[in-house]
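The data below hold one chain only, encoded as structure tokens and taken in the form predicted on its own.
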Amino acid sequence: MIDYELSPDIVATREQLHMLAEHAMRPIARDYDEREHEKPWDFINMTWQLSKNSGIGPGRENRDKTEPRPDAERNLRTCVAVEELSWGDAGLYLAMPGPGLGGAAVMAAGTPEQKERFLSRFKGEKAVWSAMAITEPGAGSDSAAIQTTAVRDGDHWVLNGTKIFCTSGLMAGDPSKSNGFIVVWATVDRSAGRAGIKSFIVNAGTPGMTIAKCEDKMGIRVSDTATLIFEDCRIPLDQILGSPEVPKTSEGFKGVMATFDATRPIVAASAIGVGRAALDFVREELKRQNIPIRYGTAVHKLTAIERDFMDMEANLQAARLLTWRAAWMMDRGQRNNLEASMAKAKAGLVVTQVTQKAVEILGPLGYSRELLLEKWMRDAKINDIFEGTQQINMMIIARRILGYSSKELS
């Protein structure tokens, strides 16, 4: 039987985080959007103390059925939590400390010893960030086209290359900010193509890693987005995640890509949170203006606003169900590559449409900087871009459903 009810534990988490979003995030959202690159340290330190023992974060897919599972709903719980935090403010959510995408990569591709070694730092008193560096100037979202190299030299790997648009790259890579780390994707053998791509842990302050700049952005402005340059950056041999062996098939690359199976539902959940914020605002404003939404009325009798509002609501709900399904599958050890891309593609598109329609419905009220609606429209677009663009995810979906190869779709 299909059950859409959340467990009492997750419902309680959602209610607690909604209070945090409403009372701690919304009041400062505009200020830190205006003051880009300035960090909300009071908020960061408060949320660090709240979050470090919360169990919120992407969990590794549990394919080993004999392994103990301390939280069987970790991925679903994380998606529900991220929706609430992003309802509060997506930029502040992304600026929060924690394992983040770098931690997700360690969970997806690291050995048990590496998980203990690299993730234990997130249990301390001081806030810590991690980040994941994939995108390059010449590769964009095509992970298989990565040009950054990792060459073995004695007891070290030597990394060379440039990474752009690295979320939290400053806070994770600068030792004056935190004892964090960056997960860097690089090729150990270009002739091997996708199979040669591996991920490496580069600790904050490692010589040879330079934080070149932080982007000035349209949205999520309180979250830093860094450019990182690696010039003869030497790291110990055991800081490669998983095996250094290059398989003859693309299986090794699939292991690296498993990171996205964990993180794409989380990005989708963030998109839904932003879209829900816009939808809730429109609902309240229509109510204030005594404009009803008549559910159950025949479609041909609805006003244009009613049809638009119901369409926005239905699309957000469809995106949420896809997202929860992808997280639910991962919690049960099921491969969710297709479902993770479906959730990300749907939610990324829906949030841009919903926020734009919300601004359109409310006109001057939506466009004014006095309110947050125009900010939510700016914040929304990134969800259709990072963690794989709309086009990349549609190609993955096409390959999985229709059986086309990468070459046939290129």
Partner chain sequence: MINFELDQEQQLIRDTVVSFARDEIRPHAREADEKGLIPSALIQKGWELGLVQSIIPEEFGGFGNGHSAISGAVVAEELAYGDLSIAMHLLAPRLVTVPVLEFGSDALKRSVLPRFCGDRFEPASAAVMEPRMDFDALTPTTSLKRDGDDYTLNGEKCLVPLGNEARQFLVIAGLSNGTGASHPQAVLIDRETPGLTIGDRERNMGLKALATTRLVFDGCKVPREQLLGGGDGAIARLANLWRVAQSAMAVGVARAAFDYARDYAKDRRAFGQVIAQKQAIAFMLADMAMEVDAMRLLTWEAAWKLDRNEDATREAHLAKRYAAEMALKITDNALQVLGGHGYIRDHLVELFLRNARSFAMLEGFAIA
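Positions refer to the first chain, counted from 1. Everything numeric here is computed off the predicted structure, so don't read it as measured data.
The discussion below concerns the form predicted together with the partner chain, not included here.
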Do Glu313 and the partner chain come within 4.5 Å of each other in the model of the complex, heavy atoms counted?
yes
Distance check, Ala345 to the partner chain in the model of the complex, heavy atom within 4.5 Å
yes
Ser243: heavy atom within 4.5 Å of the partner chain in the model of the complex?
no
Non-hydrogen atom contact Met394 with the partner chain in the model of the complex at 4.5 angstroms
yes
Using heavy atoms only and a 4.5 Å cut-off, determine which of Ala262, Leu101, Ile134, Leu76 is in contact with the partner chain in the model of the complex.
Leu76
Which of 170-178, 315-323, 183-191, 113-121 lines the interface with the partner chain in the model of the complex (heavy atom within 4.5 Å)
315-323
Within 299-314, the residues having any heavy atom within 4.5 Å of the partner chain in the model of the complex are Val299, His300, Lys301, Leu302, Arg307, Met310, Asp311, Glu313, Ala314
